[in-house]
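Next up is one chain by itself, shown in structure tokens, the form predicted alone.
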Amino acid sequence: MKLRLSKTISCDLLILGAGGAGLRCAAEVLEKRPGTKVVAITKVAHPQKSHTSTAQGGLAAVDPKDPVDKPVYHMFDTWKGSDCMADQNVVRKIVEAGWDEILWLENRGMHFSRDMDGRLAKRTFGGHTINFGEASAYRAVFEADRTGKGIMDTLWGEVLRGGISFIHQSMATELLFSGERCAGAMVFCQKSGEFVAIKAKAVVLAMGGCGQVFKVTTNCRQNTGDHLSLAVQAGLPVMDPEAVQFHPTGIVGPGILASETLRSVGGILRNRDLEAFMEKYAPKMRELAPRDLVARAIETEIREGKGVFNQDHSIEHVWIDLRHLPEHVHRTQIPEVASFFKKFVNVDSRKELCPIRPSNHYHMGGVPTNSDGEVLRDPQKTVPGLFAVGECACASFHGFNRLGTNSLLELITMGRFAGQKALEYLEGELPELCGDIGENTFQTFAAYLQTKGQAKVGDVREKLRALMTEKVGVFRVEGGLREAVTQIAELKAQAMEIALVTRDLAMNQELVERWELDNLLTSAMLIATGALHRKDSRGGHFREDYPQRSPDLDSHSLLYMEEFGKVKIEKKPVDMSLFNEGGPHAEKFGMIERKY
């Protein structure tokens, strides 16, 4: 079968993904350079359906006029929460820019919630403190429990005003280069079945996470790790892929996110005996300990036989108790989450206990970048013209454990920084593309359409997701990880025997799912191999056979995979500039003990 290029189009800036990070980047460019031709590619039918819209709880930032909170406290919390694996130059840059982004959003119409005095309301979140851990910080501004939707509404208006163009229901299948400079991407348009080459002066990866690699996840259907495949296909590394976060409170069954706001407003975690168990695991912060600690506490309770068996989903869970909260809290601060419990498990959170257990939520690892969002080719060199922002990137603001409300902060600040840096590439002529344009994509899709065999896409995908949840989940151990790596390779071989029922290109959902399956397999192999390699415990990566942090592994891992399963690993130092520069509080940014 001979596939061919339908057309080639050109633009100044190409953004792969149209969630909060991508649109913030586009808004910055369109604001600073009106008339710039910006094209954004989105897998979903409408950008407003991007995963950012599902973010609930809030957006961390320190108001310079706050009489209690300080940016240095936020930097400390982020560093400590990361299990000492965040890059401190990135932490400082993002935290110091945070409040300006709040004002940017509000000045463009975002409806932040306000307190009784008319000021921006703030709420607490796990791991956010004042005075280096002395007490919980009120640091997160929010729009009820739909903050992500508020951000998307605001950014959507801004980029439309600037004249952005969207290509919907389409996927980037290959990065294109001019020498070492990234100069565009191949795109498969699902509705028309066309392959389109898009030339650009700068390209931004803003493609979300890879949560669908796990069976139970808060991630949307489209988060299949496409960005990780694009990177390794281009010979680029992925950084710290084993750093996976499991949110403590996924709604039992579907795993849908029940926001950390529930614990912020006073929700209490209880086991089968209705014991409030968090005091055993985090005596000081209890329910407001960071997510990795709370998730492991819940799983430990269930392992010790203190879980509750749910007959509908054949799985055990614990409770979050919201019954004692005032009616106005249910009505004004958690209306959307309360509606989720009613809709998906038929529970009235005002009168009944709500069933939850950990659910895969966020990928701290990803495509490595510097503090401007420029993609790294190795620890020293960047890829000219290529940027990555949002969850798909790893600037390492979160290290190995992301604090709640820090992801929205990261995506809007890094979106802005990348946009500012990308402006430098937008002057001058379009670079010429090298090689046979799209040949790798054509070979890949032709193979999908021509393969004969008995395997099914859905069967292989569900085996993979179950394997990852069982062997590479909240708790990990050497034997299980080795089994996972072996079985992922076997599933890759099975995938090569999948025969598609439908051979048409247009609106072929089976073809899209076959391509996504390869991306999930690549993501799974990188995560499992990274977890096997890192023989210590850090944040969301917890090895039962190596439960302590090892000073020999105080560094990032860069994983290269030019051939499936053959992984080369390099080290990249953790930036400790806040510690190394000395000055007030520098000792707080060393390799500190992590207790809450």
Partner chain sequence: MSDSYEITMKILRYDPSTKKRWTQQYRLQAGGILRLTDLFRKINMEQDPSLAWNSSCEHGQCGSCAVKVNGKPLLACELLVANAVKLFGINQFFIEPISVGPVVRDLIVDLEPAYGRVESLKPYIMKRKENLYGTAEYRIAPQEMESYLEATRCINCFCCATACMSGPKNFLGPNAIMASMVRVLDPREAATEQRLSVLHGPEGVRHCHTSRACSQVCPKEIDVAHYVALAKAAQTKKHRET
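Because the structure is predicted, anything quoted here is derived from the model rather than measured. Here the rigid core means the biggest group of C-alpha atoms that line up within 1.5 Å when the two forms are laid on top of each other. Numbering follows the first chain given and starts at 1.
Just so it is clear, the following notes concern the form predicted together with its partner chain, a form of the same protein that is not shown.
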Should G118 be classed as touching its partner chain in the predicted complex when contacts are defined as heavy atoms within 4.5 Å? yes
Considering non-hydrogen atoms and a 4.5 Å limit, does its partner chain approach P379 in the predicted complex? no
Please determine whether T54 contacts its partner chain in the predicted complex, using a 4.5 Å cut-off between heavy atoms. yes
Would R146 count as touching its partner chain in the predicted complex under a 4.5 Å heavy atom rule? yes
Residues in which of 89-97, 423-431, 176-184, 218-226 have heavy atoms within 4.5 Å of its partner chain in the predicted complex? 218-226
R161, V345 and R461 each touching its partner chain in the predicted complex (heavy atom, 4.5 Å): yes
Please identify the residue among E106, E470, E490, E279 with any heavy atom within 4.5 Å of its partner chain in the predicted complex. E106
Using heavy atoms only and a 4.5 Å cut-off, determine which of Y138, F442, W156, Y448 is in contact with its partner chain in the predicted complex. W156
Heavy atom within 4.5 Å of its partner chain in the predicted complex - qualifying residues of 177-191: K191
With both forms fitted on the core, check whether the Cα of H361 differs by 2 Å or more between the shown form and the other one. no
Quick one: core overlaid, is A499 moving 2 Å or more at the Cα between the shown form and the other one? no
Is the CA-CA spacing of S523 and S314 tighter or wider in the predicted complex than here, given a 3 Å or more change? closer
Just say closer or farther for the C-alpha distance from D348 to F142 in the predicted complex, relative to the shown form; it changes by 3 Å or more. farther
